[in-house]
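Given as structure tokens, the chain that follows is alone and in the form predicted alone.
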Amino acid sequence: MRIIVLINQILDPSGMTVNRRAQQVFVNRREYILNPADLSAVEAALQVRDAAGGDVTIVGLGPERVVESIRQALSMGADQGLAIIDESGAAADPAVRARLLAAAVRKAGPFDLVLTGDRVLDSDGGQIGPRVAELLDLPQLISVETVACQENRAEAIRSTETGYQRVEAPLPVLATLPPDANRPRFGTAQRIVNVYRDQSAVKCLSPADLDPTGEASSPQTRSGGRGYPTPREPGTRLEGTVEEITGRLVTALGLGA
């Protein structure tokens, strides 16, 4: 069983404050963490490997600091890491990011299961999993709580508003997990030491290694600026009996005869 986990590194939100009046986000402490949903996907991959055998490859895309998040996943028990170092920031575009990650998955070799988080905490975007699945022509299991592989099929449980759904798809398949799907294990002290001692634990590539023509790195979106939504106007508190409050609501909504 060959499992690939796609991870993203984000700025730790606990080190930021928001000033609505100034319409700015202030970074008080610049620290980066492994995206929580992707961390959940790493744990899911390790559980599948422990049950079915095989190996887990961690693939990260971003500036050179993304290697630290890959090392964190390796210290948890993953087998190897692959970093695509992009200092230009081109991978901030979801289309570029998905194309480069899909190319990295192909380069990593044959695989049975691709896992990643269902959203990114900093932007709340959830495009990468579906985009990569489309590029690799894979079936998708989106926002599932559990993943298990038996014979040539992946089985998963998805939580819905009305209960739980059991879904399955033939391998190879891509699945995304929410941040609360798993409680990630901690890396052991020995693994942490070994990961930092072994400089070859994480293989580094550039976007040019995956995209010699540069076509995949061409952004498809552009930013038109950022702004804060208008603050909500305070509402009016209604007091009285149910009949009195209902009458006032009917009048306010213009529903009266």
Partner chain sequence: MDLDHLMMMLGDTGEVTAPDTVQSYRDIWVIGQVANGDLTACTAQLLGKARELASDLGAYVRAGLFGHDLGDLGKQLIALGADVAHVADCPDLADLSLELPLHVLGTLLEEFKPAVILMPSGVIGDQLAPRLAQRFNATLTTQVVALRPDLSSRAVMADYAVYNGEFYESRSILAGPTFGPDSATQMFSVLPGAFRTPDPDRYRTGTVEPVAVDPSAVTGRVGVVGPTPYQRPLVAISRAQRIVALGFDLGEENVSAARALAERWGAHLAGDRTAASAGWIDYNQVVGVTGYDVAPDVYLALGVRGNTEHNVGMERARFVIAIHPDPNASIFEVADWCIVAEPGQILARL
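Residue numbers count along the first chain shown, from 1. Values in this document were obtained by computation on a predicted structure and should not be read as measured data.
FYI, the form predicted together with its partner chain isn't displayed, but the following is about it.
Note on contacts: among V167, I85, A103, L82, the single residue with a heavy atom within 4.5 Å of its partner chain in the predicted bound form is V167. Shown alone here, P179 lies within 4.5 Å of its partner chain in the predicted bound form, counting heavy atoms only. Looking at G53, you'd find every heavy atom of it more than 4.5 angstroms from its partner chain in the predicted bound form. In the predicted bound form, its partner chain sits within 4.5 Å of a heavy atom of S40. Within this chain, E145 lines the site of its partner chain in the predicted bound form, having a heavy atom no more than 4.5 Å away. Contact residues in stretch 182-204 (any heavy atom within 4.5 Å of its partner chain, taken in the predicted bound form) are N182, R183, P184.
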